[in-house]
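First comes one chain, alone, set out as structure tokens in the form predicted on its own.
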Amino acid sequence: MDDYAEAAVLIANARKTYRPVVGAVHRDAVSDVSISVDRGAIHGLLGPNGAGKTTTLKMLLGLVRPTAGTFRILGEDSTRPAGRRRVGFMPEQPYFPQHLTAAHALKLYAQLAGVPRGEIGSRTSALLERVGLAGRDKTTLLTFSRGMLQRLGIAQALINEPEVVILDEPASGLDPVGQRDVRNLMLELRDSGVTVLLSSHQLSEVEAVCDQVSILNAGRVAVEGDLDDLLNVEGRSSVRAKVPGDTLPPPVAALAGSVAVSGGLWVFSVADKDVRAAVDGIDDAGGRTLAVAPMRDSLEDYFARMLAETAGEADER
């Protein structure tokens, strides 16, 4: 039970089986998912369409009845209403009564969340400003764009000042500025001690903010771990250097892989044991080494490779 108390979110052996018609073959939307989210972290939940991400979140929040599994948020059973008191949730496609204004909608959700009456007005104004809707408090939601509704969805997820926030595709429909604002907001939440569980198809967003990730495929967890541990390429380093001329010095070129160049700036990888020789070769050629760091995969490349590697396993099951 210690793991249940220590993790902000804990899902163990979750399964959801659908049998649409009596006598029909059952279908597992989620086969076996176990996820642990550290307190104060941003944890990314990834996977292709149909992997079971949204179903897993809905089981965690008591919105879908699980076939099996254990679900805890801050140590409490989250399938029961009492276990969700300190949680904020934004669904993938938030819906609001279209005849309400933005302020009226937030006040309604504040009342439903049990926010003290004397704090509702101040929280509403502060959150509308925080999500970029300042001055829109009296605007009817019927006139809101999809991006504006996404922003309002994030605001309602924060109205009860939760300790855990669960966001399902929060940047969907947002322009680049809105996506940046959402990333910054998640980082602010983490810095204030709030735990964020983020489900997203936007891998650049996940790579920019997440500390840990779980990747689902065919209803199971294919990979889980710290993002740096997953993406760092063991045994190789990335080098950034300014080198005169159109080619790398021959001693460096013999060691380099994954070479890219733009405007005299060279980026390449070498084995860790060859870093000193590469730096010396750049210096001997009159160049300048700007940075040496562990070589890191992009999340897009890692994600695609992982799905390809696990595709055969999913077919066998």
Partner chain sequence: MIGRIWPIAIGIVTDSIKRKVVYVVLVFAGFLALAIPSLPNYGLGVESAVFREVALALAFVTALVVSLSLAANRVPGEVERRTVYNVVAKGVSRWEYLVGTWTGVFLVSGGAIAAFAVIEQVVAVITYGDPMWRLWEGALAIWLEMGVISAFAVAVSSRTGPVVVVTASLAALFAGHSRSTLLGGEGALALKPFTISLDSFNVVNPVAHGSGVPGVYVLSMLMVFVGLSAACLIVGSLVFSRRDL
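Numbering follows the first chain given and starts at 1. All of these numbers come straight from a predicted model, not from anything done at the bench.
The same protein also has a form predicted in complex with the partner chain, omitted here; what follows describes it.
**Student:** Taking the partner chain in the model of the complex as the reference, which of S214, N217, Q156, T195 has a non-hydrogen atom within 4.5 Å?
**Tutor:** Looking at the other structure, the residue within range turns out to be Q156.
**Student:** Which pick from L112, L187, V233, V177 sits with a heavy atom within 4.5 Å of the partner chain in the model of the complex?
**Tutor:** Checked against the cut-off, the match is L112.
**Student:** Spot the stretch among 122 to 130, 202 to 210, 82 to 90, 237 to 245 with residues whose non-hydrogen atoms come within 4.5 Å of the partner chain in the model of the complex.
**Tutor:** Every other range fails; the passing one is 82 to 90.
**Student:** Indicate whether the partner chain has at least one heavy atom within 4.5 Å of a heavy atom of H26 in the model of the complex.
**Tutor:** Outside the cut-off, so no.
**Student:** Is R136 a contact residue for the partner chain in the model of the complex, using a 4.5 Å heavy atom cut-off?
**Tutor:** Looking in the model of the complex, residue contacts with the partner chain do not include R136, since no heavy atom lies within 4.5 Å.
**Student:** Can you check whether L74 is within 4.5 Å of the partner chain in the model of the complex, heavy atom basis?
**Tutor:** Because no heavy atom of L74 falls inside 4.5 Å of the partner chain in the model of the complex, the answer is no.
**Student:** Answer yes if any heavy atom of H99 is within 4.5 Å of a heavy atom of the partner chain in the model of the complex; otherwise answer no.
**Tutor:** Within the cut-off, so yes.
**Student:** Hey, which residues along 258 to 277 are within 4.5 angstroms of the partner chain in the model of the complex, non-hydrogen atoms only?
**Tutor:** Result: empty, none.
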